[in-house]
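The chain that follows stands alone, in the form predicted on its own, written as structure tokens.
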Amino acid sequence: MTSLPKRSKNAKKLGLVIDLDTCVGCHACVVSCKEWNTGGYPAPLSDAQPYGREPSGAFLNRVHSYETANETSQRTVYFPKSCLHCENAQCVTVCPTGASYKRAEDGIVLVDEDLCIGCGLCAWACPYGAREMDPVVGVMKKCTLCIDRIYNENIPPAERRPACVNACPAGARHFGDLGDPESSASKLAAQRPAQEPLGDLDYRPTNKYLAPRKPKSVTSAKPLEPVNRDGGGGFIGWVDAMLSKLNPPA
């Protein structure tokens, strides 16, 4: 089995902060992730029968939608799901070959595809369903935080972020060092505050979610005053009178 690296309390923790109040479920993050990783690190993200009747393939990021309602309001909440790069990543510790590993320098969890035997133990250990078996090459794949972008000096500094963050039109996805309390990502996560999915399992995910804000109370609209058909009522009153003539009450 694989061991987690020893990391100091103040070690770098690269991850995402996702604002569920801002996400509109457009799937731009899904499309950009798929496009970038089709030829990115560590190997192409392949598809099976992409133009056939039953296309299938592996995605490193998916968006799920949920309907919520209470006595006063209802809304659709969109939940983007990818690897959360947990501090206590059990997907790593169950790996029999060392293919799944966590980087000591930045906390990113990766898969060495040359060592992966496709046993699926890591997928069973992940409570978030963030790992997917590539149906073509038979190895496990997952979000890499676009490690081939964020450290690529051939890319302009402003674009050295995960592809999903660059593509989000609503600005719902944020990238940074969540081990640094002064980083913009950490400050954002501290404002609401951020939520850890399934926190009782003690996986300690690095990625954080900002829960939707409570809807504002809505004041009931003032009821419309009845139209005075005999005493004017302006243009609306005239229209109402004309319609009444066409369809007189029984």
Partner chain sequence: MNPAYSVLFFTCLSGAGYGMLAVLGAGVLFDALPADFVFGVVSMGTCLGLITSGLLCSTLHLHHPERAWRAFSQWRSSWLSREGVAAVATFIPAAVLALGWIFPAAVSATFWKLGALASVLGAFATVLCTAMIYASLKPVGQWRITLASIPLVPFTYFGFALAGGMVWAQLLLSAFEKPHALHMPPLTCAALALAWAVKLLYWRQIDAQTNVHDLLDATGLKENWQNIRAFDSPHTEQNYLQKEMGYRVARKHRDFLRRAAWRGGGVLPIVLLLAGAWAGGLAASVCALLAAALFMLGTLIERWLFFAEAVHTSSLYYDDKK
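All of these numbers come straight from a predicted model, not from anything done at the bench. Residue numbers count along the first chain shown, from 1.
In what follows, reference is made to the form predicted together with its partner chain, a form of this protein that is not presented.
With a 4.5 Å cutoff on heavy atoms, Tyr203 counts as touching its partner chain in the model of the complex. Taking the partner from elsewhere, Pro44 is found to have every heavy atom lying beyond 4.5 Å of its partner chain in the model of the complex.
In the model of the complex, its partner chain lies within 4.5 Å of some heavy atom of Ser3. Although the partner is absent here, Pro55 lies within 4.5 Å of its partner chain in the model of the complex, judged by heavy atoms. In plain terms, the part of the chain that comes close to its partner chain in the model of the complex, with a heavy atom within 4.5 Å, is 138-146 out of 138-146, 152-160, 102-110, 165-173. Of all the residues from 105-132, those having a non-hydrogen atom no more than 4.5 Å from its partner chain in the model of the complex are Glu113, Asp114, Leu115, Cys116, Ile117, Gly118, Cys119, Gly120, Leu121, Ala123, Trp124, Ala125, Cys126, Pro127, Tyr128, Gly129, Arg131, Glu132.
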